[in-house]
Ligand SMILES: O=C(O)C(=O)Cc1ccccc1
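Next comes just one chain, in structure tokens: the form predicted alone.
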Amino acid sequence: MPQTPPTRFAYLGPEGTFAEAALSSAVAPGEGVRRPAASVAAALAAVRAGDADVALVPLENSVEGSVPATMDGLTDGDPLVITREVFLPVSFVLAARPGTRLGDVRAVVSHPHALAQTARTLAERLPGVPTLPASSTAAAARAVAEGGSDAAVCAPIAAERYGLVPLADDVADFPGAVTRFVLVSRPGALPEPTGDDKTSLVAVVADRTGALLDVLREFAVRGISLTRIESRPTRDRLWVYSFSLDCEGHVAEARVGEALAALHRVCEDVRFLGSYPRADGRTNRPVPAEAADARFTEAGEWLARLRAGEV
């Protein structure tokens, strides 16, 4: 039975964030109720509590890598699954209240990822000026509008929404950066396979020789390509790490399902984070002939005959 389409959306707020822009690109205007959340943890908590059907949160950036709050938020707590990914080009402005000049700026505020992506440019244009962290680029813009800081690194939409004016445009050190956002919901019916899908999971491995190799082998022997792998500390057990993985394919496919079952055997824990269409403009690699679903079915039937004594 198909799931009811979501009508309540949470996103990393406040209004004017890149997350709001990403949600607007993924969901038609006027479709559903959209509520900003104070943090990634709050957006995910709204879904877990049933106060929102879906949360849109940033997962990784092409320059700065993964967003720890999202990675940890998906790993800990009640299970959530990714149902869709959204890629958004990111551009920044240095914005301030009207009448402010560059020479007046004594501090710059923004999200840590935004500050990292603009550090060189800020150092050149505002040498010696300290930077301060905020929960989001839009929160930084709002703080400046309220007089809490002199300037913010934010999206142009945030500057406009909070009545700020740009002191400098395109302040990113690496133009062309892209942020990957994910739509997250409570577990339920998965999106149907499209042929160009990703599967995400977190695998916890023990502190032993060859543990990571055992994980990677389960994908390699089935011809499954990994598109992302990252280690994270489990935080509650010293020297025990979790590996966050994205691979090509859908859990409904025999080879992907078998790989996850194998990981369940060799890992201390495996958390499935969803199978969903990939949206990065790439296509999955062709499935090796020996890894096609039909070959798995044939092999299973052959084994059943052996077990039945039909040699």
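All residue numbers refer to positions in the sequence shown, first residue = 1. The structure displayed is predicted, hence computed values, not measured ones.
There is another form of this protein, the form predicted in complex with the named molecule, and it is not shown here; the text below is about that form.
Shown alone, this chain has one stretch from 197-205, 225-233, 113-121, 143-151 that lies within 4.5 Å of the named molecule in the predicted bound form by heavy atoms: 113-121. Among heavy atoms of Val90, some come within 4.5 Å of the named molecule in the predicted bound form. Looking at Pro58, you'd find a heavy atom of it within 4.5 angstroms of the named molecule in the predicted bound form. The named molecule in the predicted bound form comes within 4.5 Å of no heavy atom belonging to Phe219. The named molecule is not shown here, and in the predicted bound form it never comes within 4.5 Å of any heavy atom of Tyr162.
Contact residues in stretch 168-183 (any heavy atom within 4.5 Å of the named molecule, taken in the predicted bound form) are Thr179, Phe181.
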